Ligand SMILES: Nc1nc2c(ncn2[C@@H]2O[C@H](COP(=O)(O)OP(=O)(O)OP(=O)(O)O)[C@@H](O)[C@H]2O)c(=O)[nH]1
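Next up: a single chain in C-alpha cells, the form predicted on its own.
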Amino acid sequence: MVVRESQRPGTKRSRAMEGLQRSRTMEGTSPRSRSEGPPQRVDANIALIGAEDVGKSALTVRFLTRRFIGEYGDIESIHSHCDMIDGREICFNIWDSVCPQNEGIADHNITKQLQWADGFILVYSICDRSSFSVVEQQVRRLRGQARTRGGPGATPPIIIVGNKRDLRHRRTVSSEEGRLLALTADCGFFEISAAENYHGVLLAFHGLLELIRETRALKKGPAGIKGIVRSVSAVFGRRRNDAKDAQD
C-alpha cells in the first residue's frame, strides 16, 4: 500500500495505525511556559468516504495546506493537523479512505471506521451520479451498522459534501437532491469546490467539528444527570437512616 504523508512546516512525527501511516503536523502552536499549563486539547477523528475521483484527497490536502492538487493515486492515508480554535488546541485526525468495490470488504471497512471515527464526511461529485448513489449506500451502511452495535442514535455525526461545484455546467446531481438526502438521513450538507475555494472546505470540516462537540456534550449529559440523581438519593437516604436511628 502506498501512503502519502503531508509535508508541512512544523513539528512532525508518524506512527502506524491499523496498517496505515499517520503523519502529524503541529501548526499554529508556540512553546508554552510551565506556568501557562498544558493547552486544552480536543481530538477529532474524521473519516472521509466516497467513490473514486470525487476529490476526497483534494479536500483533505486543501484543508491541511490551503493548496489545491488535482491528481492523486488510489491511496489511503491518515493525516493529523492541529490548530488553535477558540483558545483550544484542536487536532483533526483525517482518514482519507479508499472505496472498495467488494461488498464484504466495504462492510468490514465501515466497521473499522465506526470504531475509530468521531464523525464522517461523505463525498460525491456533482458531475457523477453513480458517486451520489455510493454516498446513499454508505449512509445506509453507517446507520445500519451503528444501530446494530449501539442502538438508535449511535451513529457518529455525518456531513454530506457535494464536490466539484466549479464544474456545475456538467452537473448531474442537483443541489436539491443533495440537501434532500442530507435532510432525510439527518446529516449536514455542503456543496463546495475544493478546486476553487478553501473557505468552503474549511466550513465543512469545522461544521463537522461542531456536530462532534454537540454529540460528546449530549453523551456526557445523561451520565452527569444520573450522577447528580445518585448523589441526591444518597443524601436523602442517609437523612432517612439518621432519622430512623434517632427514633430508635
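Since the model is a prediction, treat every value here as computed from it, not as a measurement. All residue numbers refer to positions in the sequence shown, first residue = 1.
Beyond the structure shown, there is the form predicted together with this ligand, which is absent from this document and is the topic of what follows.
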Is residue 68 one of the residues lying within 4.5 Å of this ligand in the predicted complex, judged by heavy atom distances? yes
Answer yes if any heavy atom of residue 167 is within 4.5 Å of a heavy atom of this ligand in the predicted complex; otherwise answer no. yes
Residue 163, heavy atom within 4.5 angstroms of this ligand in the predicted complex: yes
Would residue 208 show up as a contact with this ligand in the predicted complex if we use heavy atoms at 4.5 Å? no
Contact test, all of 54, 58 and 195, partner this ligand in the predicted complex, heavy atom 4.5 Å: yes
